[in-house]
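One chain comes next, on its own, written out as structure tokens in the form predicted alone.
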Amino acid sequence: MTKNFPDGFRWGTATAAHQVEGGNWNNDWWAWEHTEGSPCEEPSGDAVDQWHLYDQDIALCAALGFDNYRFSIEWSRIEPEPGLFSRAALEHYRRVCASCLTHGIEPVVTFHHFTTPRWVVAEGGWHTASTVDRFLRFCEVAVGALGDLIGRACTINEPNIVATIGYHLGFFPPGLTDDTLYRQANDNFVDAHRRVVPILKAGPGDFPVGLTLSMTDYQAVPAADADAQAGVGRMRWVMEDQFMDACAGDDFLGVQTYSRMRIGPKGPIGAEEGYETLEMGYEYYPESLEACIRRAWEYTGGAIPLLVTENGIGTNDDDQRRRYVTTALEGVLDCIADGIDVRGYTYWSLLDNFEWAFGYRPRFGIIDVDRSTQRRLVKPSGEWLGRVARANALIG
């Protein structure tokens, strides 16, 4: 197997506004962190203060050898009240995009990454169709202000996770376990993606637009069991297929994968004996990336180019991180060798940051952050992945 990636293959890292900026008090996640009885281990607080330190972080990204940086813009900062748009916030994100370009980094902008303004939630949230209209208005204003600097746009990050964990499992805001509202939220996310793509395309600039989707390597156990196979099919439809259907005609589909899920005749079953379980509660299973790339390619009929827009591991063992990414990238190379159009790999995440309900315990970053000083320190895995990016090859 060749260790070289194709010419033009893209290498990046990623973060999300609420996880790194700090002080995002006007959205549903900040409220959730401070709701008595919520499962959040700790509040986000100042996070890693990227609101002020973005230029330093982008410079580190460039110095390591990456060519793009995926980040999100915070709706609750840009539109703090209905129809009231903050010039200061929009100018801030213009400076972030400009910093990327100055450092030779492509700005990959995500328009919704898990967080929704408090006022939107108070008026309904994602289970109501009116939220779609509000999101489209926000995107129209935001792309009008930023579009000329955007290199690539992601509409909504993992809408399947927002809906499932927020409306079905009750672990994310709004903390519900209502299957009717869950279906409505899924429908509205699908509608929002389909309708926002032409809005982003109509703004200033000329950039690819796509969706980033959380994918899991669903495996039937036993593999030949009809009930287990049917369970896999149901999970794939709810979590993946309806969203891939919404991506028909897009410029790319972002595949985001971390592990597998084993489905038995009666539903999900635990980790397989002999496999490590990580802090996030799932198995160490880097082979999942190859499996999900292949499934996305097969399901879409090869009609949409693929980008790995998130893949990584939350661990305190940096050698384990390097092993995980090595295996994942070997899978990407195998997919490319088989003719699958995979155009880039984005590691999650650039920094150790706020990992939602898990707080700051899981450490996904290739850069360590001492939050008492906000000092950044590149990990050995970051230095290695930077060498891989510069060589455009899987090297030791």
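All residue numbers are counted from 1 along the displayed sequence. Given the structure is predicted, the values throughout are model-derived calculations rather than measurements.
One more form of this protein, predicted in complex with beta-D-glucopyranose, exists but is not displayed; see below.
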| item | value |
| --- | --- |
| Segment assignment from 150 to 158, 261 to 269, 89 to 97, 119 to 127: heavy atom within 4.5 Å of beta-D-glucopyranose in the model of the complex | 150 to 158 |
| beta-D-glucopyranose in the model of the complex reached by all of T13, Y347 and D352, non-hydrogen atom within 4.5 Å | no |
| Selected contact from Q256, S72, N188, S288, since only one has a non-hydrogen atom within 4.5 angstroms of beta-D-glucopyranose in the model of the complex | Q256 |
| Candidate from W297, F243, F114, F135 lying within 4.5 Å of beta-D-glucopyranose in the model of the complex - any heavy atom | F114 |
| Contact flag, E310 vs beta-D-glucopyranose in the model of the complex, heavy atom cut 4.5 Å | yes |
| Contact of F364 with beta-D-glucopyranose in the model of the complex (heavy atom, 4.5 Å) | yes |
| Partner proximity in the model of the complex: W29 to beta-D-glucopyranose, non-hydrogen atom cutoff 4.5 Å | no |
| Partner proximity in the model of the complex: V197 to beta-D-glucopyranose, non-hydrogen atom cutoff 4.5 Å | no |
| Any residue of 6 to 38 that, in the model of the complex, places a heavy atom within 4.5 Å of beta-D-glucopyranose | Q19 |
